[in-house]
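Given as structure tokens, the chain that follows is alone and in the form predicted on its own.
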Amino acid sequence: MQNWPYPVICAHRGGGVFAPENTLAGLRCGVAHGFKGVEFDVMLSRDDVPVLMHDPKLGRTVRGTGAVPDYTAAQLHAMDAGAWHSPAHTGERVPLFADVLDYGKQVGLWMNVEIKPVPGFEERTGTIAAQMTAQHYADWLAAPEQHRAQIPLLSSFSFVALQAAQAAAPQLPRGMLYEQIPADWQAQLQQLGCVSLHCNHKHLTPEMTQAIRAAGYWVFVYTVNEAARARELLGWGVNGMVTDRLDLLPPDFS
């Protein structure tokens, strides 16, 4: 298979520990640290607008009660997603996915878009996230070899969401996400037309890495925060990883 075209070290949820997760401030932080690749989470508001959010319920990074699909995109966008992190980020808003796509394309940032559906909204989230991504990148998708390294990759723990994304925008690359890799991983990746398998590095082995690579897939892992572990994983043949520690695992880490 072709060489991994994306950045090897990517900033987790935008800026790792240095900025509020899943915000434009987080993405700008990653870029300021020199990162060319980021990962973040997308789910739907009540009015079917994709926003950046990891938790289906409010309370951890955004003050409030209830769940994300209880609110419209305008209501979510008005909420403070930065105060939990530090006073300097008070007032940072929940970003719309469309605005993040615009920013990423503007600065040439590769994005691993994790489709993170609230339970019950898997198919709808996968469809809308994929359609919006394809629309924003239609010109680059028309010349895929020229822009191959910067076209977003869609991933998800939800087979249904990723299957919906495949149907909605088959031209976008996809990666299946696992906490622990199941026995039928290859059949799932084949069915979804994936280019990569994404997993928790803690449950990966050298043998499994070699098997995935031998089957023709790239291996991408989360969330690696120690240099020694990163070197070990790269030695196994892992292609890429996300980190919270932008200081310990800089973009030029090797």
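Worth saying up front: this structure is predicted, and the values here are computed from it rather than measured. Note that residue numbering follows the sequence shown and begins at 1.
As for the form predicted in complex with SN-glycerol-3-phosphate, it is not shown, yet the points below apply to it.
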| property | result |
| --- | --- |
| Answer range among 161-169, 83-91, 146-154, 108-116 for contact with SN-glycerol-3-phosphate, defined in the model of the complex as heavy atoms within 4.5 Å | 108-116 |
| SN-glycerol-3-phosphate contact at residue 222 in the model of the complex, heavy atom, 4.5 Å | yes |
| Heavy atom of residue 141 within 4.5 Å of SN-glycerol-3-phosphate in the model of the complex | no |
| Residue 101 within 4.5 Å of SN-glycerol-3-phosphate in the model of the complex, heavy atoms | no |
| SN-glycerol-3-phosphate contact at residue 96 in the model of the complex, heavy atom, 4.5 Å | no |
| Selected contact from 54, 33, 201, 213, since only one has a non-hydrogen atom within 4.5 angstroms of SN-glycerol-3-phosphate in the model of the complex | 54 |
| Contacting member of 79, 132, 177, 73, with respect to SN-glycerol-3-phosphate in the model of the complex [4.5 Å, heavy atom] | 177 |
| Stretch 20-53: residues contacting SN-glycerol-3-phosphate in the model of the complex, 4.5 Å heavy atom cut-off | 39, 41 |
